[in-house]
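One chain comes next, on its own, written out as structure tokens in the form predicted on its own.
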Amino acid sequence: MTRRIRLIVLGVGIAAFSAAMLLAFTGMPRFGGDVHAYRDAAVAASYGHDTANAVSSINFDQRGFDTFGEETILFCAVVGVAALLRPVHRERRREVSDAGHVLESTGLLVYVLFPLTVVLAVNVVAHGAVTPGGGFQGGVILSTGIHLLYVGGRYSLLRKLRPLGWFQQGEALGVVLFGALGIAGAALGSALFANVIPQGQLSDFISAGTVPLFNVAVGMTVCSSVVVLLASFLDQALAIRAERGNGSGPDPRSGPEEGTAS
């Protein structure tokens, strides 16, 4: 293909995209107005399936296939980052101790906040169908809450409480569970990602049909993904060092053999 043809194809694509965007923007409701067809339809559908949290209903009930794509993108992105950050053949892992200095007030605050954060995360995921929150938010809270131990200078304890093999499997299991719930809708005679189980009573803890199950699946994936991601970055910053004498010159990150987590 010549340069002239490529420019013609590019120009046609830009013109078509511009025309489509122009039609879309000119057809949108006026900003700040009280007419919003999508909002009205989404809220009505949320109440129709007894889901008090309209956002969770939109994410998992009304556009579950889109959310499955977003979850898969997160999964693939974390796998790619973890692969890039793993030790290469000229690097080795060293032991990291807890010998760093941490203020007593910081350590005490971590011990108070750690269990509270874990409980809060479980609550956000469990009530994602009836209150603001859900699997995305709860997964991030839980994963970052676990890493409060690092802030408190307990890196060795953190490594014991977050066995990476479990979280690596949990990340994949969450994606598989989400996909299986979506296929179950089609297998039971409805549409893909359809809400096919009884919805219960609006605002009850057990309500909204499949929405709580999707929240759990997303919570597993998000929590596991963030844990794997943070573990990879911490390993690179604290534990992984280039081998000496490999002919590549001194490693600017090299330090004492026994490092600290603080």
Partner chain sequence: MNHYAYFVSVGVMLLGVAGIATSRNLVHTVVCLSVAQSGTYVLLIAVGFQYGGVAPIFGGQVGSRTPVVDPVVQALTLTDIVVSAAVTSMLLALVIQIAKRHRAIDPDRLGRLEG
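Residue numbers count along the first chain shown, from 1. Since the model is a prediction, treat every value here as computed from it, not as a measurement. By rigid core we mean the largest C-alpha set that fits within 1.5 Å across both forms.
Keep in mind that the form predicted together with the partner chain is not shown, yet the notes after this line are about it.
Proximity of F25, L84 and Q137 to the partner chain in the predicted bound form is complete: all three residues have a non-hydrogen atom within 4.5 angstroms.
A heavy atom within 4.5 Å of the partner chain in the predicted bound form is found for one listed residue only; from V119, L109, A77, L177, this is A77. Under a 4.5 angstroms non-hydrogen atom cutoff, the partner chain in the predicted bound form has A54 among its neighbouring residues.
Remark: P198 does not count among the residues lining the partner chain in the predicted bound form, judged by a heavy atom distance of 4.5 Å or less. In the predicted bound form, at least one heavy atom of R3 sits within 4.5 Å of a heavy atom of the partner chain. Under a 4.5 angstroms non-hydrogen atom cutoff, the partner chain in the predicted bound form has V88 among its neighbouring residues. The two forms, fitted on the rigid core, differ between the shown form and the other one by less than 2 Å at the CA of G69. Shown in the overlay between the shown form and the other one, fitted on the rigid core, is a CA shift at A41 smaller than 2 Å.
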